[in-house]
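Take a look at this single chain in structure tokens; it is the form predicted alone.
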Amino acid sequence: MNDYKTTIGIEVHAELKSNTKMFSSSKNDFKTRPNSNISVIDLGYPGTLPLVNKGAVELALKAALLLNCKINKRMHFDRKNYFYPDLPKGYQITQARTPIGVDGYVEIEVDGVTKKIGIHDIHIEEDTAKSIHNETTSYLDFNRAGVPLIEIVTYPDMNSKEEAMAYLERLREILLYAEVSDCKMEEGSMRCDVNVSVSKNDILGVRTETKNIGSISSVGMAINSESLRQIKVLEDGGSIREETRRYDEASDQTILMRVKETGNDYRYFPEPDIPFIELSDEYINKIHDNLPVMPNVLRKKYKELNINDNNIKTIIANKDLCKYFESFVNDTNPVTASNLLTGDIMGYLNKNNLSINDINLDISNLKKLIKVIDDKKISSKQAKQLIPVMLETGKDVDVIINEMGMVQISDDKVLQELVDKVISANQESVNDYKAGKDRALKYLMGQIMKESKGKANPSEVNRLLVDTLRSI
């Protein structure tokens, strides 16, 4: 079975963060009561005419530019004809012949190896109604009908589940940071269809499509399951058909839905009710010049600031946290700042089910906390006690330090007196240290901290204690 090569292509449907739907003025809102954001256009009433959402086109253009695509400056929409309960018109308005972007790429890294995943095209289309099924009944929520989305189609450039998952993670980051889509897979605003084929040579095998996979991790499991299924079929002397399948997580299997349709089945033809759209160079350049900074650029920046990889990963994974971090990182110690944000502050947020936008964390006050830590006026242990008070009350850091009696002793003369006092009172531990017993040093440190009521600067105490013991 190791002789087989798996080839993977992915189609991603990402709903756009527009205020209204693609061809009507109905509100684009997932969270409202079912079938409350609908109009006669969404329901396909005879005689209704679509009107293109300019904002949605702009979001799609941003995505195409960020994915390094060539832009179709003159494009039109097409009708994709099929009959299903979630499609009231009996056709879907999409872009078949003139997608907004073609021949792009996304760069990924797996096991230290960088690879470009080619983007065949990005096209704009309208979403269908949402189908909800139980054992006896099916329901339709037309709030989703007509919601603008982009379909991003790759070339068959991936050869492992790890590459596929890395591609989806990078794509999701790009769309999130550009505010093109909220990419909430649990709500269906980002949906993945995976094409998988296996072969023993460079000639591609017959592919199957596994539709609507619910998470990035499930994409990896579905690829593994489907490739193993195809290999077994071929090893048993069978052949692979072009099929549409679904992935069942409980059984870790892909299950046949139907024999796959072909492009001819959809009878595409140009949408007669929408004129051609012309994108000028001036308009494209304006959108390009206002593109946001992308995660890969931020990763490089943070690496150069000596922030550790775990902190970088945590900050980048949380767009709101990253936006907050970016607002002040250039004016403070980035290492201490990242440690605080990803450590005690993130711990507080997670414990209380909050985001960085839910709390009153004044940037000037946080920068003051970073400075008192760097100046060793308080210890990291004291900072852990201070942070919840700061987050809950919004009080000034200096006020909290005074109220909690946290002013740290860093004066060498005062600390040396404490060291000498503890050494004089613990001659046995001093002898143990001289005999090479490391625990004795920890004991003496503990006695000094106890004597100072926890206010002595630990690093300074450790330095003075070791120097004094060596001189005895």
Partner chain sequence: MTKYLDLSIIEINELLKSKKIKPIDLVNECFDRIEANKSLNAYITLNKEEAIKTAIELENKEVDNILFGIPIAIKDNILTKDLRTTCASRMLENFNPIYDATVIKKIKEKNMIIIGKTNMDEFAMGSTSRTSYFKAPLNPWNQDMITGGSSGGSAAAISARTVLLSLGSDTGGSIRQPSAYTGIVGMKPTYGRVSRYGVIAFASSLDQLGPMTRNVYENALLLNAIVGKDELDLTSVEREEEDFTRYIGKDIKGLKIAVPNYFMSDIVSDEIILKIKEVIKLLEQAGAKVDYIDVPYLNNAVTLYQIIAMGEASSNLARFDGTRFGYSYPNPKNLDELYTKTREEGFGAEVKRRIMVGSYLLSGDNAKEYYDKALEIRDDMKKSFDKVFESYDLIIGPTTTTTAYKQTEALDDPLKSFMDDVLVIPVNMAGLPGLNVPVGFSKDKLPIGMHIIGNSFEEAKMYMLASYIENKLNLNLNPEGENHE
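Superpose the two forms; the largest set of C-alphas matching within 1.5 Å is the rigid core. Residue numbers count along the first chain shown, from 1. Since this is a predicted model, take the numbers as computed values, not measurements.
Form predicted in complex with the partner chain: not shown, discussed below.
Asker: Please check if L228 has a heavy atom lying within 4.5 Å of any heavy atom of the partner chain in the predicted bound form.
Answerer: No.
Asker: Should I41 be classed as touching the partner chain in the predicted bound form when contacts are defined as heavy atoms within 4.5 Å?
Answerer: Yes, I41 is a contact residue.
Asker: Is K184 part of the interface with the partner chain in the predicted bound form - any heavy atom within 4.5 Å?
Answerer: Answer no; every heavy atom of K184 is more than 4.5 Å from the partner chain in the predicted bound form.
Asker: Taking 4.5 angstroms as the cut-off for heavy atoms, does R97 touch the partner chain in the predicted bound form?
Answerer: R97: contacts the partner chain in the predicted bound form.
Asker: The partner chain isn't shown here, but in the predicted bound form which of D202, E278, D273, E304 has a heavy atom within 4.5 Å of it?
Answerer: Selected residue: D273.
Asker: Can you work out which of K232, K381, K286, R267 has a heavy atom no more than 4.5 Å from the partner chain in the predicted bound form?
Answerer: Contact check passes for R267.
Asker: Is it true that Y45, L49 and F142 each have at least one non-hydrogen atom within 4.5 Å of the partner chain in the predicted bound form?
Answerer: All of them do, each having a heavy atom within 4.5 Å of the partner.
Asker: Select, from the options 387 to 395, 85 to 93, 242 to 250, 347 to 355, the stretch whose residues sit within 4.5 angstroms of the partner chain in the predicted bound form by heavy atom distance.
Answerer: Single hit among the candidates: 85 to 93.
Asker: After the core is overlaid between the shown form and the other one, has the C-alpha of H133 moved by 2 angstroms or more?
Answerer: After core superposition, the displacement of the H133 C-alpha between the shown form and the other one reaches the 2 Å mark, so yes.
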